[in-house]
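There is one chain below, alone, in C-alpha cells, taken in the form predicted on its own.
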C-alpha cells in the first residue's frame, strides 16, 4: 500500500445533442483521447472502471456496463467494475481507481463516463420512488424542496440562485467546447421560466450526449508519461440513504461529512483551495456545498456568492469551465478533467492564476450520495 496514485491523462468528446453517435462510440472516443493524452498504449491498460450515466445505468442496466465497454475497447483488465451513484459516480470511480492502484490490483486504470441522455428517450422520465404516485417526478422536484427550505430558514433569495447561474455562463464564455457560451444577466435569469418553483430552467443543469475519461496510475509509472501528474491529496465519500426519513436531509448534504475528511487527509483547510469544481446539477446544490465544505457558514452562501465571488476573477472561482449548468452534462467527470487542466496550467483564457490546489465534488441520486477529491499540482 506504499504506492501513490496520480492522475495522468484526460480526454473528452464534444457535448450536446450528438445524434447518430451512440454512447458506446462516444465512450471509446473519450477513452482514446485520455490514453493519447497520457502517451500510453491501449495494451498498457490493466484496469477499467465506468460510470454509465442515467440512460445506460438505469434504462440499459442489465448487462454490466464495464463488460460491454471493455469488450468494445478490446481490454482484458486485471481490475474492472461500474458504479451507479448518480452524479457522484464519476468522482467515486476515480477514488476506486486510486484504491486499486495503491493496493497493486492494477497499474494503469481507465475511468470512463459516457451517456447519450439527450438522444435517448426517457432518460430522466422515470418515476422516483413511492412519491411518484403523488405526481412527484425527477430530481428537479426534490432539489426544489431543498431550495425552498433554504429560503425559508435562512432568507436566501432567488437572486442568490441567479448568481450561481450567471457565474456558470460567465465561465463558459471562456470555454471553447462549452454548450452554453452566451453570458446572461440577472434580468435574463429572472425571465427564465419556472420548472418547479423556486427553480427555473436556468437553475437546472444541461442534458447532454458525450463522454469523458481519466487515467489513474502510480507516481512512479507517471514519470515516463507525457504530461505532468496531478497528485491526489485526499478523497472521501459519504452517503445519506434514508432520504425523507432523515429530519435534516434537505439541510445538510453528505458533503458535510466527507468534505472535512478529504481536506483533513490532504492537510488542507477550505481557505487553501484555489479552485472549486462543485457538482452543479442545480444552483441550490452549489450553495449547499459552499456551506457544507466550509467555504462559508451555514445559511450564508447566498451572501457569499454576491458580487461575483465565484465568477471569473472572484476570490473562489467555482467551475471555471462552466460546469453542468453551461459546459455540458459530463456526470462529474468533466469536473475532474477541468481540475487537472487548471492544475497543469492548460486552461487557456479561463486559467485561474497560480492554481495549485483543487477540490472536486460529486453529488447524486436523491441527494443521497457524495464523493470528494482534493488534488494538487
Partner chain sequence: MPAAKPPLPQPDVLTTSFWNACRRRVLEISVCGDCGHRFLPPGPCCPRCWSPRLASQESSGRGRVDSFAVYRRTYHPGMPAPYVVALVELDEGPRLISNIVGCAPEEVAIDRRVEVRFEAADGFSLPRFALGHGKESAKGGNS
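Positions refer to the first chain, counted from 1. If you're wondering where the values come from, they're calculated on a predicted model, not measured in any experiment.
Only in words, not in the display: the form predicted together with its partner chain, which the text now covers.
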May I ask you to check whether residue 297 falls inside a 4.5 Å heavy atom distance of its partner chain in the predicted bound form?
no
Contact with its partner chain in the predicted bound form for residue 196, defined as at least one heavy atom pair within 4.5 Å: yes or no?
yes
Please determine whether residue 226 contacts its partner chain in the predicted bound form, using a 4.5 Å cut-off between heavy atoms.
no
Heavy atom to heavy atom, is residue 75 within 4.5 Å of its partner chain in the predicted bound form?
no
Listed range touching its partner chain, judged in the predicted bound form by heavy atoms within 4.5 Å, from 101-109, 139-147, 303-311, 212-220:
139-147
Every residue of 130, 133 and 246 near its partner chain in the predicted bound form, heavy atom within 4.5 Å:
yes
